[in-house]
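First, one chain by itself in structure tokens, the form predicted alone.
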């Protein structure tokens, strides 16, 4: 979470992002533009990779609402990232069915393999990881998805994790 002492520069949205936001707002009746908050936060995250406090302030200004109204929504939903992530975000399902078949061991293995704790970014900026709620593949656990494309990988093992990390590392170098 952003600390008060971590001062960040104000955000100015690109013309392209502003046009997309205007399209979202146009779908709602006059005076109900706040209803576009979730899709606008998704657009902001797609543009920047995460949702910073200055970006939330800019969204509030754009929608003519109080910043706290944006903060409440962005921090409530786990799909919004409140700090920078690695180029590849590994999200491991941590709910009951996946844990029964080894998700916690996979998370421990990823932490060991990458050398960073949950929510941290590897020194090369390539990877971060976190446990998430159900990825809706209960019969194929343990499961993870890798963003930003959110490709799913099922029936994970340490060997499959090694292969995924090696493939992504090689892809990033090309």
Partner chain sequence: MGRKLLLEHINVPGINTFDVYRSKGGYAAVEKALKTLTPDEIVEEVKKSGLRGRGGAGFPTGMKWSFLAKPEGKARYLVCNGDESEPGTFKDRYLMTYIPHLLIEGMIISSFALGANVSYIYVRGEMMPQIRILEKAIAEAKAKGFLGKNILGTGYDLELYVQPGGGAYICGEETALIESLEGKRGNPRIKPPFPAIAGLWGCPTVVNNVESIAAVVPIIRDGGEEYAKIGIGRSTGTKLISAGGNLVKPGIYEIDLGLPVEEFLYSDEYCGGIANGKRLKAVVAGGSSVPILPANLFLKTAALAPRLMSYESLSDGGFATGTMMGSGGFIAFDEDQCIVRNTWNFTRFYHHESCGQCSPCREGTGWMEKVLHRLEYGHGKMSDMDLLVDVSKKIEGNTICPLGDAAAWPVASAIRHFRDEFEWHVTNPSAALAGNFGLAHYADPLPAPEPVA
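From a predicted model like this one, the values you see are computed outputs, not experimental measurements. Residue numbers count along the first chain shown, from 1.
In what follows, reference is made to the form predicted together with its partner chain, a form of this protein that is not presented.
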Exercise for the section: Tell me, yes or no, whether residue 116 is in contact with its partner chain in the predicted complex, where a contact means a heavy atom of each within 4.5 Å. Expected result: no
Practice task
With heavy atoms only and a cut-off of 4.5 Å, decide whether residue 110 touches its partner chain in the predicted complex.
Solution key: no
Exercise for the section: Report yes if any heavy atom of residue 50 sits within 4.5 Å of a heavy atom of its partner chain in the predicted complex; otherwise report no. Expected result: no
Exercise for the section: Using the partner position in the predicted complex, report whether residue 139 sits within 4.5 Å of its partner chain, counting heavy atoms only. Expected result: yes
Exercise for the section: Counting only non-hydrogen atoms and a 4.5 Å cut-off, give the residues of 82-116 close to its partner chain in the predicted complex. Expected result: 94, 95, 96, 97, 99, 100, 101, 104
